[in-house]
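In structure tokens, one chain follows: the form predicted on its own.
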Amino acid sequence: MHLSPDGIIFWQSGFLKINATIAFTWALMLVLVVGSKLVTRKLSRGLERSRWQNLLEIVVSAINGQIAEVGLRRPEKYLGFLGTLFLFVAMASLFTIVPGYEPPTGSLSTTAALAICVFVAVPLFGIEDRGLGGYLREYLKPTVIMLPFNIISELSRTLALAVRLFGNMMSGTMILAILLTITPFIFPIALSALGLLTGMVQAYIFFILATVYIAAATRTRKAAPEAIHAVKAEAKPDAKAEPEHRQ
């Protein structure tokens, strides 16, 4: 068993190579794109909806609600970026039930790329919300002396995001490899099932931390009441539409 998908080489020509990290990352992105396309091709606004649409609405409403509760106004503005991060990490862990699959989040290069995406998105959202001058002035607060420390903080939390996700995902694989050598198969199977739950938790933690960093950049610490009410209203069924449908 490989502890990292980087060690699995599918094709190589000189210094160019395609390892499991690259292959499974692109395969996972393809599954997400094709899946979203198939689910959203026939959306319905009536009471009769497909199971896939119901599942999609549950996921979107849950992510939207979490973004609003963290403190970001207009959560739909950040839904595309933060929702994609969560789904990618979650699906990377969920697909471990497929034989021969290696989660790309078990590679430091993948987790570093995800962390860099957050590192770039935080100032972009902050500048868009507060302007370039307003965002840059935060690095000088409370005094100019704090400028280097604030810059180091930005870099260190990006590194922490990458290493935390990589360490948690790789540790499960390492423990499973050790158990396979010293214990019967029943224990690794049970641990694999527990790894699915751990992967979901890691996806949620990564998503929440990215949301908190963006909220700090936009300085919206408290959720706008209208944003939370709007999210809850979307999740509630239309009470008037049901009697009319029955008639």
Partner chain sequence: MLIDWFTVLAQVVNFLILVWLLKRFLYRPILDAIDAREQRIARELADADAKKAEAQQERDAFQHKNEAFEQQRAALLCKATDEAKAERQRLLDEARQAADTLAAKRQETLKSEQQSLSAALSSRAREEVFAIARKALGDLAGASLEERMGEVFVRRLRSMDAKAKAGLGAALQSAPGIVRSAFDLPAEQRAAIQKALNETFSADIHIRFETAPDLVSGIELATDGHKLGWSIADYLESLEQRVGELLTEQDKPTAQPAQDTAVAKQQ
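Here the structure is a predicted model, which is why all the values come from computation and not from measurement. Numbering follows the first chain given and starts at 1.
Another form exists, predicted in complex with its partner chain; not displayed. Remarks below refer to it.
**Student:** Is the gap between Asn64 and its partner chain in the model of the complex 4.5 Å or less for some heavy atom pair?
**Tutor:** Judged by the heavy-atom cut-off of 4.5 Å, Asn64 is in contact with its partner chain in the model of the complex.
**Student:** Determine whether any heavy atom of Ser93 comes within 4.5 Å of a heavy atom of its partner chain in the model of the complex, and answer yes or no.
**Tutor:** Close contact is absent here: in the model of the complex, Ser93 is far from its partner chain, nothing within 4.5 Å, heavy atoms only.
**Student:** Does its partner chain get within 4.5 angstroms of any non-hydrogen atom of Glu76 in the model of the complex?
**Tutor:** Because a heavy atom of Glu76 falls inside 4.5 Å of its partner chain in the model of the complex, the answer is yes.
**Student:** Under a 4.5 Å heavy atom criterion, is Gly71 part of the interface with its partner chain in the model of the complex?
**Tutor:** Gly71 lies outside the contact set for its partner chain.
**Student:** Would you point out which of 94-102, 147-155, 81-89, 133-141 contains residues with a non-hydrogen atom within 4.5 Å of its partner chain in the model of the complex?
**Tutor:** Within 4.5 Å of the partner lies stretch 81-89.
**Student:** Using a 4.5 Å heavy atom cutoff, which residues in 4-19 contact its partner chain in the model of the complex? It's fine if the answer is none.
**Tutor:** Those in contact are Asp6, Phe15, Leu16, Lys17, Asn19.
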